[in-house]
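Given as structure tokens, the chain that follows is alone and in the form predicted on its own.
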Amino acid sequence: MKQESGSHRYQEQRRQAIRSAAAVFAEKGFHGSSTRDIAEHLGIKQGSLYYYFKSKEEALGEVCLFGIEDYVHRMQEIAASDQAFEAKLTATVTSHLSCYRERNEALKVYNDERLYLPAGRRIKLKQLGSQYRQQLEGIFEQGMESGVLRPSVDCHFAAQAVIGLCNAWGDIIVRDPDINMFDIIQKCTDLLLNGFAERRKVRRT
């Protein structure tokens, strides 16, 4: 019991170290940051940081993994649900943007800094990112099969477009903690579902 308690405490402390690294990388970038900066943000001595990370590169890898894992898990649950296309797309946008508010710096670092990791460390991150996109492509395919979307929709392009839109607004959410996230979610979803053009009823003869 004592050993389990100690392990739980270590995991919680390590999670705090990852969050501190995320905050520093988000503010200064990977190359502009140091392990000293991370330690100072965490409130410990620089030498003690090696209890959690062996290097700044390892810290970046853990931050990126922390930023994307829950994000991908949520998408898996949305895609596996029996909801209609519109509900799944709304849930996707809500989940994507909420991740920025909940795990904001880590997801921002994943988007902005992951390419500074060596290729070997990016393999798992790339796999997770591909899983997310493929699940979203499946949602668009479902929309086509149900007749909600026109059959000419490029599902890969559509998925990338949704991800790009959410990432752009996610970056703003991170920088502006006072922004009304639910208003942004509503506007993004409305744009994706209804587009820009006014829909006018045409009188049939």
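So that there is no doubt, residue numbering starts at 1 and follows the sequence shown. Worth saying up front: this structure is predicted, and the values here are computed from it rather than measured.
Separately, the form predicted in complex with the DNA exists; it is not shown, and the next lines address it.
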Partner-proximal stretch of 47-55, 141-149, 176-184, 159-167 relative to the DNA in the model of the complex, 4.5 angstroms, heavy atom = 47-55
task = Indicate whether the candidate residues N104, Y132 and Q134 are all in contact with the DNA in the model of the complex, with contact defined as any heavy atom within 4.5 Å.
result = no
task = Indicate whether Q16 is a 4.5 Å heavy atom neighbour of the DNA in the model of the complex.
result = no
ask   = Hey, which residues along 20-36 are within 4.5 angstroms of the DNA in the model of the complex, non-hydrogen atoms only?
value = S33, S34, T35, R36
